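Consider the single chain below, provided in C-alpha cells and representing the form predicted on its own.
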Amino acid sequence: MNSRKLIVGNWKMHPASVDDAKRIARRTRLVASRLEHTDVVACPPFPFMQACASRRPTANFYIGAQSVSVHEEGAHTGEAGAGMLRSLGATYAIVGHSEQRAAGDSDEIVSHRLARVVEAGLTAILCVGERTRDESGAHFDVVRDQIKGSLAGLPEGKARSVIMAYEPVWEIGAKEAMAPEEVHEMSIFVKKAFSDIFGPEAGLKAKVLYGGSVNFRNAVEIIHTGQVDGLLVGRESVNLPGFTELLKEVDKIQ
C-alpha cells in the first residue's frame, strides 16, 4: 500500500446551490490543508467546479470532474471536454462510474473518456465493479473484462495517469460496506489485472481505491485491512461532520 492516502469525494448532483457548494469546498479545503498523510479530491457538479476551486494552490486539496466527454470540442450539446474541465481547475476526472455504466456507458465508451482525460494531462480515476456476486466467482471475470476493455489503447507510458477505483455495485448505498478482507482480495486482483496489461512494475505502483457505503466508522478498517490506497466516497463527502471525521481518522493511518 502506498504510504500516502487518497480520498476522492464524488458529490454527485449535490448540493442544490453554489453557495452550499462553496461552503462544503471551503471546509473540506481547510481540513485537507491540515492533513499530513492524505490527499483529498473534491468532485462537485460541473456548474460548481470553478467556484469550488482554490484561487491559489492549497496543500493536499484538488478538484476533480465527475465525468468527461468522449469529444474534446465541437457540436456536442451538453458535453464538457477534458480541456474545459482542466481550465476550471480540475486535475482529476472520474470515468466509468457505475451510474454512468448503468446509463449506457460500455467499456469502449469508458476507454474513450479515459483517453481524453489522459490526453488533457489529468489523472483518471477509473471505476470498475460487478453488479452482482455469487459463489461461482464470475465477478472476477466481470471486473477483469472491465479493466481490460476500459484501458484498451492506453499507452504503457500513461499507466501512471490512471488510478483504479473498485466499487462493487451491489454494495453502493448498502447499510454496511464490503468486508475489509474481501476488499483486500479484490485490491490484489485489480492490481494483477492492471499488471497483466502494463507489466509487473506498473501493477505494483498502481493505486487502488475502494468505494461503496464508506463512512467515518469503517474507513480506517477498509484501508488498513483492505490494503487499499484510499477511498471513493459518495454521499458522505457532502456530509461535512462525517467527511471531516473520516479525513482525520484516515490521516492517522501509518
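Each residue number is its position in the shown sequence, starting from 1. All of these numbers come straight from a predicted model, not from anything done at the bench.
This next part talks about the form predicted in complex with a small molecule, which is not shown.
K.L.:
I need to confirm a contact call. Of Gln66, Asn60, Gln227, Ser213, which residue comes within 4.5 Å of the small molecule in the predicted complex, counting heavy atoms only?
P.N.:
None of the others qualify; the residue that does is Ser213.
K.L.:
Which one of Ile163, Ile172, Leu154, Leu122 is close to the small molecule in the predicted complex, taking close to mean a heavy atom within 4.5 Å?
P.N.:
By the 4.5 Å criterion, the partner-contacting residue is Ile172.
K.L.:
Could you tell me which stretch in 114 to 122, 155 to 163, 71 to 79, 96 to 104 has residues with non-hydrogen atoms within 4.5 Å of the small molecule in the predicted complex?
P.N.:
Among the listed stretches, the partner-contacting one is 96 to 104.
K.L.:
Does the 4.5 Å heavy atom contact test between Lys12 and the small molecule in the predicted complex come out positive?
P.N.:
Close contact exists here: in the predicted complex, Lys12 approaches the small molecule to within 4.5 Å, heavy atoms only.
K.L.:
In the predicted complex, does Leu246 have a heavy atom within 4.5 Å of the small molecule?
P.N.:
Contact check for Leu246: no, nothing within 4.5 Å of the small molecule in the predicted complex.
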